[in-house]
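Shown below, as structure tokens, is a lone chain in the form predicted alone; questions about how it binds or moves come after it.
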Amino acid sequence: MEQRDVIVVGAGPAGSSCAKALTDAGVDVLVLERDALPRYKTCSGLLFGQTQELLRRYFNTDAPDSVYCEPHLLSADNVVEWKPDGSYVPYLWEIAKDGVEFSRSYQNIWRNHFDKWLLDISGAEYRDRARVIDYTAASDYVDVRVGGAGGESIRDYRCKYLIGADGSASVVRRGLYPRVPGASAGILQSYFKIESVGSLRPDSFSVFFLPEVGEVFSCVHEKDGYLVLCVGGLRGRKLRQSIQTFRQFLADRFQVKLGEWWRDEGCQIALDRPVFGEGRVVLTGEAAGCIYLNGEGISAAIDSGYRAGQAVADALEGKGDAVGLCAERSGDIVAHIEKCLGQMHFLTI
């Protein structure tokens, strides 16, 4: 059985930021990622203003050119909601936090490259294709069983703290709190080569509320010559059919012509109240329910992740209970989540 001080499950922004805080504090940490890196992720791939500031605060850097796609930047003025009369109104994906306004120039990135870059600069050791099967938490340690993504033999670990940063479908969270059926929405993105965007508003991220497509809004935006179609629905909604319905709507209403399909990405989004774990098991990012306005998760992930890492590092030095420290230091994050929930404009029903 391999011994580690801390194991972080999940190599997204929450996991990498958490690992960065732990390595900054000199803690022995291992990050486990179930997929082969770099891996694709269902996401708009926009770094909003708060995310840009958090990268500078916690990582002392901006995202490198290697993670960007074209168009490189997107103005907040071009994130819009289409109305059936043909007009557009602003669509908010970020609001001021604690009275602080953020940049309205958003960075357009590829999540697979961004996540791998962030993990690399965290300085933490990591292992990909490492799928957590289950774990057992005791009063002073956690035992973790891990298998390979391709069904390889099981490896056993023992750590002083286990941190779940593995998203809304978190294996770590389910070990503490089995998810209530129907508490989440399914999201599907499909990438198509652009032949013509027709009369779609140029250089924009366009949001549509189309009940015939799904219970969650639909949207389109461009990445390196591909048009990304995103749809969402509640339990029972057939999202591949929704993609086809949305594609036909774009063709009929805007004369959009799409070429070769590239790939699909899917996930679940759960809008739960934040919870930060129990005992030796800590939750952060989407696994903790940290999601901001209309499903924006990267900034909440980075901020909550780094604070969770700091809390565990302090707990290892006997400065308090890790979960309690994490919850206490995340009060402003929780308050902002509540503010965002009050302004959510996400569902078509």
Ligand SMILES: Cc1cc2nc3c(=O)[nH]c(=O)nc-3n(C[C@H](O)[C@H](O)[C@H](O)COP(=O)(O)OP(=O)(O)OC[C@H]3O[C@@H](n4cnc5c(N)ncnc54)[C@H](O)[C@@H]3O)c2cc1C
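So that the term is clear: the rigid core is the largest set of C-alpha atoms that superpose within 1.5 Å between two forms. Quantities reported herein were computed from a predicted structural model and do not represent experimental measurements. Numbers for residues come from their place in the sequence shown, where the first is 1.
There is also a form predicted together with this ligand; it is not shown, and the following applies to it.
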query: Listed residue that, although this ligand is not shown, lies within 4.5 Å of it in the predicted bound form (heavy atoms), from 97, 247, 116, 131; finding: 131
query: Partner proximity in the predicted bound form: residue 187 to this ligand, non-hydrogen atom cutoff 4.5 Å; finding: yes
query: Residue 111 within 4.5 Å of this ligand in the predicted bound form, heavy atoms; finding: yes
query: 4.5 Å heavy atom contact, residue 163 and this ligand in the predicted bound form; finding: no
query: Residue 42: touches this ligand in the predicted bound form, heavy atom cutoff 4.5 angstroms; finding: yes
query: Contact stretch among 22-30, 45-53, 66-74, 319-327 - heavy atom within 4.5 Å of this ligand in the predicted bound form; finding: 45-53
query: Contacts with this ligand in the predicted bound form - residues in 300-339 whose heavy atoms fall within 4.5 Å; finding: 301
query: Exceeds or equals 2 Å, Cα of residue 243 between the shown form and the other one, core fit; finding: yes
